[in-house]
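First, one chain by itself: the form predicted on its own, in structure tokens.
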Amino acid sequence: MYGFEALTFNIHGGYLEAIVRGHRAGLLTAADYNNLCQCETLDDIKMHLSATEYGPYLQNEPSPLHTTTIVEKCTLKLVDEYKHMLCQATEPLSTFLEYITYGHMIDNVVLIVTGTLHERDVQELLEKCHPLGMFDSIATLAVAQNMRELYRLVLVDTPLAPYFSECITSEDLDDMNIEIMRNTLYKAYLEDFYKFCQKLGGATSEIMSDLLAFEADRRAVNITINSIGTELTRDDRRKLYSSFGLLYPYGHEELAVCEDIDQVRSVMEKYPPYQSIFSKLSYGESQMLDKAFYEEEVKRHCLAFEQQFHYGVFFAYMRLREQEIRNLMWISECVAQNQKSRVHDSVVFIF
């Protein structure tokens, strides 16, 4: 059906696409970020944000403000917009929107299981969970001692259940196992989301395939770098890579045997889209890699809005808004800790 979306898309999707494009127009601009970077206190940040779409969410907050309050209120705005779109959506868009939250669900599960392992208070952990990834039985995750119990007691009734088939073992939960569980779940989630988008066909399939392939490749690079120097074997590492993306399959074979960051770099430089990312880094440096990937991701998500009649704009908007919240968190932290010289280190401009 590629090319024929214009005939029928607006029957069910036209209103929501207009809504999401309107939301996208409310994202902070470079001028906003320059003003925010000049702020001296968190109250100055609040005053500047009062002229943006975040204004109503922050107006009743008393001084002194905390960074967590700013991030919480900005996230609340994203959640409200998401819930509004989900309420208005019909199939298959409603399923597509639900897929977007599964990544947050995985992060929340890992956060609670890790926190419980280190004997943190469950209530405190629940407050740190991302609101888009909440589900009814999340608080009971704390009782699980191993993967099998985690699945049987809690996750069998959640949308993550199908992704757990690869990680059900009787091994006790420890930091290494939990990290492997996170990456195995993410792999299964991305592959499932990718198949779903392929099934939708048309422009949605084309645009989402590109965005998800980039996400899969970025995860492959991060897994490789983070597992250097650990007891994770090459075969175990290879199992955590998603079975699609620009690096699949030959890039994965090469990444699996990398022993340091420079070997990862030489593998990635064979792929033109990633060559530009690694050219920004000096040899042996991986600290700025996250920012370089975020910048490339933002560029791709902005390009998704250049085409009409597809669902990719919903995914792109959610990711752009999440990046904006990360930017605000970084700026707020730098201002609160009096580290204004570092304020530009992690800010990724969206426009």
Partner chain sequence: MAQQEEEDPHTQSSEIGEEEEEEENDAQIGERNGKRQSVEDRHALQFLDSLDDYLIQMNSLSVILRQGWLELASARHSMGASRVNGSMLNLKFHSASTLVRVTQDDDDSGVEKACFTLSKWASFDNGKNGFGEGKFREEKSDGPQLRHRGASPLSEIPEKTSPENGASLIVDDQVQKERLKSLRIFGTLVSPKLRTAQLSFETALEKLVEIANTRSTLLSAFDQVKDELEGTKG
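Residue numbers count along the first chain shown, from 1. Nothing here was measured: the structure is a model prediction, and the numbers come from that model.
If you look for the form predicted together with its partner chain, you will not find it shown, but the lines that follow are about it.
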| item | value |
| --- | --- |
| Option from 303-311, 290-298, 47-55, 25-33 whose residues, in the predicted complex, bring a heavy atom within 4.5 Å of its partner chain | 290-298 |
| Partner-contacting position among 232, 100, 76, 86 - heavy atom within 4.5 Å of its partner chain in the predicted complex | 232 |
| In the predicted complex, the one of 254, 107, 191, 269 near its partner chain [non-hydrogen atom within 4.5 angstroms] | 107 |
| Partner contact for residue 342 in the predicted complex: its partner chain, 4.5 angstroms, heavy atom | yes |
| Non-hydrogen atom contact residue 330 with its partner chain in the predicted complex at 4.5 angstroms | yes |
| Touches its partner chain in the predicted complex: residue 152 (any heavy atom, 4.5 Å) | no |
| Residue 114 within 4.5 Å of its partner chain in the predicted complex, heavy atoms | yes |
| Within 4.5 Å of its partner chain in the predicted complex: residues from 112-144 (heavy atom criterion) | 114, 115, 117, 118, 119, 120, 124, 125, 128 |
